[in-house]
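What follows is one chain in structure tokens, specifically the form predicted alone.
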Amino acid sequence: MRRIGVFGGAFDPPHVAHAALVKTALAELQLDELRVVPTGQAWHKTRALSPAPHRLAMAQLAFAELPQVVVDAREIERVGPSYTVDTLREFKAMWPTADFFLILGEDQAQALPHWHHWQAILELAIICVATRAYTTGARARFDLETTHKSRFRRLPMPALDVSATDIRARIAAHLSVADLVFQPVARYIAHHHLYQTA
């Protein structure tokens, strides 16, 4: 039975912590394939995202070295808001017998009850929550994880203090992000003058 990971996000820009999470998921979950899905129209974001073609191109550069990773443009190509449940349903239609693993950060997982048709998401995929090393054990399980134990899994993550918000701010302030994004992504950002204004 095929095991397929699904990792969605703005990837604005994709950074080293995204890649670390993908590598952890591939190894821990023994995935045959992992689909990286850049968000199209983000219904939950208050700020405007960078244009979708830029985010798609940066994701392709960031994950190019990982042969099991496919950067999937379906949410960018879809008209209207990007809902994870629609993406999972499309994947299920493509691979009816596959097992799906939705990879989320801790904050995203806690917000899951506010997502569009979240109950259907629990039926379509196992929710794999990235747990930073410093929160393991100390952090109480959230309600959904307690009530739907069989639908959740923890992914132990290295403690990487990296965020796209910080990277955008550093670029706007003309500070180096060399250790935060991969070189091809850094070159792309510079070439297209992305994030020049905070």
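The first residue of the shown sequence is 1; numbering continues from there. Computed from a prediction, not measured in an experiment: that's the story for all the values here.
One more form of this protein should be noted, the form predicted in complex with a small molecule, which is absent from this view; the next part is about it.
Heavy atom contact within 4.5 Å of the small molecule in the model of the complex, the stretch among 69 to 77, 86 to 94, 105 to 113, 118 to 126: Among the listed stretches, the partner-contacting one is 105 to 113.
Three-residue site 58, 171 and 188 fully in contact with the small molecule in the model of the complex at 4.5 Å by heavy atom: The answer is no; none of 58, 171 and 188 reaches the small molecule.
4.5 angstroms heavy atom contact with the small molecule in the model of the complex for residue 165: Residue-level check for residue 165: yes, a contact with the small molecule.
4.5 Å heavy atom contact, residue 149 to the small molecule in the model of the complex: Contact check for residue 149: no, nothing within 4.5 Å of the small molecule in the model of the complex.
Interface membership of residue 177, the small molecule in the model of the complex, 4.5 Å heavy atom rule: Contact check for residue 177: no, nothing within 4.5 Å of the small molecule in the model of the complex.
Contact of residue 195 with the small molecule in the model of the complex (heavy atom, 4.5 Å): Answer no; every heavy atom of residue 195 is more than 4.5 Å from the small molecule in the model of the complex.
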